[in-house]
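Here we start with a single chain on its own, the form predicted alone, put down as structure tokens.
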Amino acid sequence: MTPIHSTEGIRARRAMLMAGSLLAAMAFSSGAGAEPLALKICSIDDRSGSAADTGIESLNGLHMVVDPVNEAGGINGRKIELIEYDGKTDPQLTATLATRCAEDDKGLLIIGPSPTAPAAAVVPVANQNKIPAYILSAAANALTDNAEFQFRFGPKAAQDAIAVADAAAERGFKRVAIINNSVPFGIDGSESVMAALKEKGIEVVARETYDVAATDVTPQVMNLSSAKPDLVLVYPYPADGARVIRSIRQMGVTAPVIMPRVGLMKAFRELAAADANGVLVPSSVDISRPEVKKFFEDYAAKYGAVAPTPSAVQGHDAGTLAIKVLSDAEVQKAIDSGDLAAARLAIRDATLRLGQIDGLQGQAGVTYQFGKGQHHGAPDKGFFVYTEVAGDGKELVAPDDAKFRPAQ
């Protein structure tokens, strides 16, 4: 036997190591022995910031889809690992968490966030790391323009605007006043609805913009009141929305008030309380659909009663498509190969290929429209119904259409 510390022994050992390295490289290049990827989904949303209720509800809705799949054994025997992050409505933090998901966690997919600014912060991270991101309710119109890896489940501001303009025209409103905050949601929403109202021949008699942190919006509301509108549109965040609606009530403005999206949010309704009564909101949740009603009953049994807002439904629908995509044969093949980049690309492509699904958003019979060149799922028509805030902000009910009319 050649002594291991002799010249011949050292040479023999080097030869063995080189042979082993060569065999390992050959095995790697052929994919032999590769470990399948873990089914990791990162949920990144606001759970403690200004829009915490949307993030909490969307995560719960996601769990209502993922948990039963895992309880049944997962997908092809592998359970989904849901990694949960709180973005705190902070775009910079949200981007950092998305990077952590892509690089450290080796996630296959990001679901969330809901607010526009954090969602916009995720987009460059998703595209740089080529990891699909299922964005939820973010409203900014351009968020999915020329999209590569980002997809959106909620309607965009222009679609809210279509719903508002259609309702205003159908009910005979002629003079509309708009008040919005100075963040992207407020600006984008108000500009979109102005364009939609113009197409319907409806006059915008006043438009006021205020700083989102302003503690007094009386001057802006006075200007709206003096324009004598027959309909008022409000585009706020929850806290400033409560200040706006309180000023509107105190100044005796009697015109109906429409508050897209934010009027549904628990934070707004709790802050505004009785002042929120009568606020009208276009909603993508049609509670008259039996399957939607059943979903909220099941949600209440598991997490406690919640108003029928889009957040939980969007989490559910994003999870539904994610499971369908992860179960796809091409995606499973890429996951089994152990090639993370290939798996993410397969998920992106399968989302486009399988994305015309029935969800819990929209009216009955309306489907998501993801497909080639289409990364925005909500269609322009048939996606909204109206709901009314009642019960001192605690309830959402079908509106009294007789009251949703211009004063005679």
Partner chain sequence: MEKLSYLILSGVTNGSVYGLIGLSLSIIYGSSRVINFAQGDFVMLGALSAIMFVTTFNLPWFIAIPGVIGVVMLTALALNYGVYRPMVRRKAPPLTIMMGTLGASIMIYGIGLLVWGPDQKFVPALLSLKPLIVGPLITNPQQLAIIATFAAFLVLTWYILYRTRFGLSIRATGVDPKVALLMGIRSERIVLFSFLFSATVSGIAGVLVGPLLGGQIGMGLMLIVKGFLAAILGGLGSPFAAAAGGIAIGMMEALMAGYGTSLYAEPAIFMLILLVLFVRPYGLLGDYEAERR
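Since the model is a prediction, treat every value here as computed from it, not as a measurement. Numbering follows the first chain given and starts at 1.
Another form exists, predicted in complex with its partner chain; not displayed. Remarks below refer to it.
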{"item": "In the predicted bound form, segment of 214 to 222, 324 to 332, 295 to 303, 150 to 158 with a heavy atom within 4.5 Å of its partner chain", "value": "214 to 222"}
{"item": "Its partner chain in the predicted bound form reached by all of 48, 88 and 208, non-hydrogen atom within 4.5 Å", "value": "yes"}
{"item": "Its partner chain contact in the predicted bound form: residue 79, any heavy atom under 4.5 Å", "value": "no"}
{"item": "Any non-hydrogen atom of residue 195 within 4.5 angstroms of its partner chain in the predicted bound form", "value": "no"}
{"item": "Touches its partner chain in the predicted bound form: residue 37 (any heavy atom, 4.5 Å)", "value": "no"}
{"item": "Its partner chain contact at residue 270 in the predicted bound form, heavy atom, 4.5 Å", "value": "yes"}
{"item": "Heavy atom within 4.5 Å of its partner chain in the predicted bound form - the one residue of 128, 288, 182, 254 that qualifies", "value": "182"}
{"item": "Partner-contacting position among 239, 93, 204, 227 - heavy atom within 4.5 Å of its partner chain in the predicted bound form", "value": "239"}
{"item": "Contacts with its partner chain in the predicted bound form - residues in 241 to 255 whose heavy atoms fall within 4.5 Å", "value": "243, 246, 250, 251"}
